[in-house]
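Only one chain is given next, in structure tokens, and it is the form predicted alone.
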Amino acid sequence: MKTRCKFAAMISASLLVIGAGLIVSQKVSAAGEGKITGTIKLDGTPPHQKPIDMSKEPSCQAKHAGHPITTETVVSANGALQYVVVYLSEGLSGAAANAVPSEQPEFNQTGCQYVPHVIALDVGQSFKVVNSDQTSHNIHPQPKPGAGNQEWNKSQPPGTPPFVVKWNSEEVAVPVKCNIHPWMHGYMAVVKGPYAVSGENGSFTIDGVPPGSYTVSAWQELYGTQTQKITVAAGKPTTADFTFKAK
């Protein structure tokens, strides 16, 4: 009986040690990830953005009363550049390259605009398409033929629930339009691995980057793509700033 008790105690102690080792390993793994931070700037005067006439859709026009709405091809204030997709275009491999985030971002149709104007997604990542307007929309992404993504065109009347979709292949970026409201334009950038989209102040942060050497790409719908070579160290931030020249 004593021998059995001693054996059981030894097994329990061993399991505790193994469990503690797993916890430490998880913590080390999390702490070992780095991140990339930076700012996207525009050198020069941004091009004039054309005002949008929504008079044919009064419910949307009412949402913008008091402040004019313009196109969003280049959104820049005080030298900062918004809606630039930043991602790892080379160097990511293994589980990190194939991991699919569980988060479901929203691509919202509100005020007869796409919010956000540019959304970034991982290959295979589910996202919600939402209609917050009191009018119907016909969302129509147009991926390149042969790129591995299937074109679709889906009507979404007011009051209907969001629908969930995903993309199967990398593509930077898929243009989106509304067949009902011709001024509505946006983009869906499909990448593999961690990504970010620059905010109003031009800044971005890519979290969860394993240590290693990478090519970082920054894509903007008018100015195209810039790249940088960087090295990410464990548990430390790495900086990657980009400046686009105004046309």
Partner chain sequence: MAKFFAVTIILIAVASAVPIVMHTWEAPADISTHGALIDEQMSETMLEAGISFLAAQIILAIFIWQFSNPGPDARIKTFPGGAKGLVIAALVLVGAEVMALGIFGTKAWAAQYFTPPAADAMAVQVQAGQFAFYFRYPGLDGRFGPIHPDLINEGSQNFYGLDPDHDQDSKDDIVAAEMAIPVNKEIHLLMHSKDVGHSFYVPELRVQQDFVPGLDVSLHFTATKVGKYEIVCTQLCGLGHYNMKAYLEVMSQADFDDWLKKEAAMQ
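Positions refer to the first chain, counted from 1. Note that the structure is a prediction, hence the values are computed from the model and not measured.
Just so it is clear, the following notes concern the form predicted together with the partner chain, a form of the same protein that is not shown.
Figure note: of the listed segments 37-45, 64-72, 189-197, 203-211, the one touching the partner chain in the predicted complex, with heavy atoms no more than 4.5 Å away, is 64-72. Under a 4.5 angstroms non-hydrogen atom cutoff, the partner chain in the predicted complex lacks V216 among its neighbouring residues. Put simply, T135 is close to the partner chain in the predicted complex: some heavy atom of it is within 4.5 Å. Heavy atoms of N78 never reach within 4.5 Å of the partner chain in the predicted complex, leaving it off the interface. Taking non-hydrogen atoms only, N153 approaches the partner chain to within 4.5 angstroms in the predicted complex.
Shown without its partner, the chain has H48, K50, P51, I52, D53, S55, K56, E57, P58, H67, T70, E72 in segment 48-77 as residues with a non-hydrogen atom within 4.5 angstroms of the partner chain in the predicted complex.
Relative to the shown form, the CA atoms of N108 and P68 are brought 3 Å or more closer together in the predicted complex.
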